[in-house]
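The form predicted alone is given below as one chain in structure tokens.
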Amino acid sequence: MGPESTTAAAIPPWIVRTEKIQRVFRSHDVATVALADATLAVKPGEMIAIMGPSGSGKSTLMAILGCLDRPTSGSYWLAGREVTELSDDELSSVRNRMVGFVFQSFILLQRSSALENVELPQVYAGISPKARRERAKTLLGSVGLGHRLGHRPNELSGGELQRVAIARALANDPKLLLADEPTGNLDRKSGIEIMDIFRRLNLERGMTEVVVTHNAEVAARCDRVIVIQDGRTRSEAEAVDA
């Protein structure tokens, strides 16, 4: 019996669970298998790393976990809900309410201030201007940017840009934080500082985090490492806290 059988009174022992996820991309008569069998489970409050060589399926898996893409086959439960068959509008709602994203390239609005960038997800969530501005200020302060509220991206360092991106990802109080190579564009010192923020969020807020990385030092900061190769989650290894 699948995870959807969990009773309403019970708290699922996982927030993310996939079973035999496959993702096949088709172009004309050519089929490319990006994921062949991705099966994993993440408990609430866990901070896990996903590692694997380029082309192994890490980013495809991340897109599915973030409800940005759909699997070709297999099942995906997020916070106890089967999301595989949801409509596009339903997926968009789940994404906005439950998932925060942090990307390697930051993806900030270049003409908007740090404060305005963090406010943006709350605009789509229908939060009032006053409430979203106060929350954005609080979040930027929590990542050490309370003094940079009015600065635009071209006035910020790489580490500061990623801090803005983290604050933005937290804007709607998500259940799951997904980070795709969050230190990939940073020097080592800035990367360590960013991972310190992720770990603090995990410990102080109980934030569930999934971090895709090539960096063994980053992976070592996580609770567990899930290895993916040739589209398959082939092993899970305990990581050593740094």
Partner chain sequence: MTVWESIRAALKMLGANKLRTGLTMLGIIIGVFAVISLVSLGASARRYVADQFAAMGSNVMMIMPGKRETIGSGAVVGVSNVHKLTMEDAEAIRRRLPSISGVAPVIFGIGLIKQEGISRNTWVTGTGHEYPSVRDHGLATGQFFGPDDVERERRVAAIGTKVRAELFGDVNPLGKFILVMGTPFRVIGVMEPRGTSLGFDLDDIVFIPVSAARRLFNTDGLYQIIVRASSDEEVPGAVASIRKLLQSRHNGEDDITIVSQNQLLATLNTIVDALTFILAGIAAISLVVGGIGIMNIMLSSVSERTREIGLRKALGARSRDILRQFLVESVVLSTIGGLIGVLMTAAAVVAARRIFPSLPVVITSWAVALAVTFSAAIGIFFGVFPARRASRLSPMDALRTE
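Residue numbers count along the first chain shown, from 1. Quick caveat, the model's predicted, so the values are computed rather than measured.
What follows is about the form predicted in complex with its partner chain, which we do not show.
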Kindly indicate whether 25, 68 and 123 are, all three, within 4.5 angstroms of its partner chain in the predicted bound form, using heavy atoms. yes
Residue-level contact is defined here as any heavy atom of the residue lying within 4.5 Å of its partner chain in the predicted bound form; does residue 56 satisfy this criterion? no
Residue 63 versus its partner chain, in the predicted bound form: is there a non-hydrogen atom within 4.5 Å? yes
Given that its partner chain is not shown alongside this chain, does residue 76 nevertheless sit within 4.5 Å of it in the predicted bound form, heavy atom to heavy atom? no
Given that its partner chain is not shown alongside this chain, does residue 157 nevertheless sit within 4.5 Å of it in the predicted bound form, heavy atom to heavy atom? no
For 85 to 118: residues with a non-hydrogen atom within 4.5 angstroms of its partner chain in the predicted bound form? 89, 92, 95, 96, 101, 103, 105, 107, 109, 111, 112, 116
